Structure formats: C-alpha cells, structure tokens
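Coming up is one lone chain in structure tokens, specifically the form predicted on its own.
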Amino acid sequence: MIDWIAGLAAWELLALEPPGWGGVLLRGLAVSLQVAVGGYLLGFLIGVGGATGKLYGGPILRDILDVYTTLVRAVPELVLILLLYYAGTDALNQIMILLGAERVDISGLAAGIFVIGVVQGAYQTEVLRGAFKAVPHGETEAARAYGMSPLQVLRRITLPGMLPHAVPGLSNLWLIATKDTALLAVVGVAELTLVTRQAGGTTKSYFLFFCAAGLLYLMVTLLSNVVIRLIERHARRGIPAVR
C-alpha cells in the first residue's frame, strides 16, 4: 500500500499541471528542439559556405576556414559554448558602444542557436566538403561537355551525387545537435536539462525527473531515426543496396 501511494505521488510530479512538472519538462524540450533546429540550420548554411570556400576559394580563404574548423573541432564544446556565449555577447555590446548605440540584451534562445550553429558549422563544412569531393570529376566534366549550365550541373549531377555521401554525416550531426543543447544549461538557457535539474532540486526526485528527461531525448532520437531512414532511402534511390 505504501509503495502504491509512493508510485502515485511520483506520477503526480510528472503531471502537466502544477504541482506537477510535466508541462515544464515539455516546455524545456520545446526550447531544446528550437535551439537544435535553429543551430543545425545555421550550421548547414555555414557548412555550405565553408565547403564551397575550401573547394573553390583562394589560399587566404582556405587558410581562414582551416583555422576555423580546426579550432572548433579541437576545443571541447563546453569551453566553446562558454567562450562564445559570454565573450561573444560582451564583444557585440562593446561594438555597439563604439558605434554609439545602446547595449543589446541578447536572448538566451538566440545566443544558444548561434553557439550551436558555429559548432555545427565546422563539422558540417567537413562533411559537405567530403561529399562534394566524392562526386566523380568525370561526371561533371561530361555534363559540361554535353552543354549543361553550371546550375544544371549542380542540380542534375552534383547534388544527386553528393547527397548519398552527405546524409549519414549530416544525420549524425543532427543527433549530436539535439544532445549538445544540454550543454547550454551551464549558461542558463531554459532547455530540457536545466528545467529537469530545477525540478529535481525542488522536489528532490532527481532519479524520476532525469529518467523522464532521458526518455524524452530517446523519443526525439527514435523519431529522428525514422525521418533519417526516409531521407537516406530517397537520397540513395537508384543506387544498389550494400549487403
């Protein structure tokens, strides 16, 4: 009887309405997904630009991009988050003061998206660069000889040829982005890990809430895997399956 009552009390803590914390956890998950999606898309834009610059840019641009990707991949992500969040915000405000403008209050969500985007951009640069280089040079040369414009070569040859090589790496980076949002708890972004810690600290039911958070992260991963498999199947259409 006592165990049943204790179990019922635990479930009440996960209720969506106060005094339960379920709604708080779901709002934290929503923030985590917003940061992950925003940071991943920003990283993709940086990655496309970085890969293009490394492949077709001049020596100075390639050197700058090499320094960027090397530093981001070498320094632990937690250190990068602390550096970009605090130093980046302070640098922006110093620039605003020099320009005669007022200091800006950057939201934690926007700062989190920027930080995750910068980290993701370095890794996506290398993934996309490798995928572009995997397209046989002879195919693009044949397309140009056939009279295709550069845009047609990109749309009909390069993109279909590089997608099967890029999707696995980009998929892994998406899953990493969903987990990297937990590191933003150290700078006060109210994502899932931070609100879970707050719920555990208030109720002293750390095991319950962190198990619940782990299940939410697992659900995100499982749903992501379903979408990833569909994207991979579409990207590899016409290519014999490897057995």
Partner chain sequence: MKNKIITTIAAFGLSLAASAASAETVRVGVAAEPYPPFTEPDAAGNWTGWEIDFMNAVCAEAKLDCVVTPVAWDGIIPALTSNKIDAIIGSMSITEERQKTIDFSDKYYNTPSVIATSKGSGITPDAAGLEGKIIGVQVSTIHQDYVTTHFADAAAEIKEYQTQDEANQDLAAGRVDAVMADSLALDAFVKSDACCEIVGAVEDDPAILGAGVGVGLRKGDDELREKFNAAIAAIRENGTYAEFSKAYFDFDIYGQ
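A quick note: this is a predicted structure, and the numbers were derived from the prediction, not measured. Residue numbers count along the first chain shown, from 1.
We do not show the form predicted in complex with the partner chain, though everything after this point is about it.
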Subject >> Partner contact for Leu29 in the predicted bound form: the partner chain, 4.5 angstroms, heavy atom >> reply: no
Subject >> Interface membership of Ile113, the partner chain in the predicted bound form, 4.5 Å heavy atom rule >> reply: yes
Original post:
Does Gln152 reach the partner chain in the predicted bound form, with heavy atoms at most 4.5 Å apart?
Top reply: no
**OP:** Would you please decide whether Val24 lies within 4.5 angstroms of the partner chain in the predicted bound form, comparing each non-hydrogen atom pair?
**Re:** yes
**OP:** Could you list which residues of 18 to 46 come within 4.5 Å of the partner chain in the predicted bound form, counting heavy atoms only?
**Re:** Pro18, Pro19, Gly20, Trp21, Val24, Arg27, Leu41, Leu45
